[in-house]
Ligand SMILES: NC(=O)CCC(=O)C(=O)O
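First, one chain by itself in structure tokens, the form predicted alone.
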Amino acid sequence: MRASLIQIAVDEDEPVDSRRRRVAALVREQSGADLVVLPELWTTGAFAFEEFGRAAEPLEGPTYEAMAKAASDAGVWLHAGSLPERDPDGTLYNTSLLFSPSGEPAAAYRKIHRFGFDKGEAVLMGAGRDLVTARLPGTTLGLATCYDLRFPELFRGLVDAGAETLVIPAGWPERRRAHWTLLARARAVENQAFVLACGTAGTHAGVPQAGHSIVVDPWGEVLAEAGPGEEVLTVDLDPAKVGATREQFPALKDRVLGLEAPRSLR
């Protein structure tokens, strides 16, 4: 499986419509890939909190339409990163979209863990409630977004639902880049899964972004890592490595906590 992570530079001076067209063109250029991944909130910037309300779209809005067509034109599975979604009841969500190679919607995930503590995304957006997986030829994706990376129980739930490849779009800040790399590798090792973590470049509302999108294998080995600027990171994965790793080193079978507790632990 060939995966291409498009690490988009978000420039506050670039109109959203122009960026949407530019990103769609970048997706079309990845026609040789099986899976293309975009970062979190690339239409606005993850830290541009004041833009969330103004830029929010219905789920099937202009970004949905542009990305569905780009996926179809390229003939790829497209994880279109996330966008600020406005639900019909008015609630905003940080919502990721997955499209099939025919441009049909395959999955949508509303981010569960909102960043900001008592400000920013944490108060401006609603929290998702559902774990989301999606079956692709050869692997099952588990969907998560940025700050979710800090919560290992979410990924255990995805693995329990069959996930073998964990896809994490993000708008991660440069000042915590060491955490980004560490946590991506940790999630891969503890879940014996591939991790595809796609970040943004540029500066969002004065916050420099980490870039350094990363692909990690089920043993925690870094297969590819981007630099700080806009680039396309492409890597070939062998989906069979997940099953082989889990069979060779069956640590997941020894789980106790988080499953039905034995009597001695009740």
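Don't overthink the numbering: it's just position in the shown sequence, from 1. On a predicted model such as this, the values are computed, not experimentally measured, just so you know.
Omitted from view is the form predicted together with this ligand, to which the following refers.
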{"property": "Ligand-site obstruction classification: this ligand, superposed in the predicted bound form, backbone or C-beta within 2.4 Å", "result": "open"}
{"property": "Candidate stretches 111-119, 83-91, 128-136, 190-198 - the one whose heavy atoms come within 4.5 Å of this ligand in the predicted bound form", "result": "111-119"}
{"property": "This ligand contact at residue 77 in the predicted bound form, heavy atom, 4.5 Å", "result": "no"}
{"property": "Contact flag, residue 146 vs this ligand in the predicted bound form, heavy atom cut 4.5 Å", "result": "yes"}
{"property": "Non-hydrogen atom contact residue 47 with this ligand in the predicted bound form at 4.5 angstroms", "result": "yes"}
{"property": "Contact flag, residue 173 vs this ligand in the predicted bound form, heavy atom cut 4.5 Å", "result": "yes"}
{"property": "Partner contacts for 15-33, taking this ligand in the predicted bound form and a 4.5 Å heavy atom cut-off", "result": "none"}
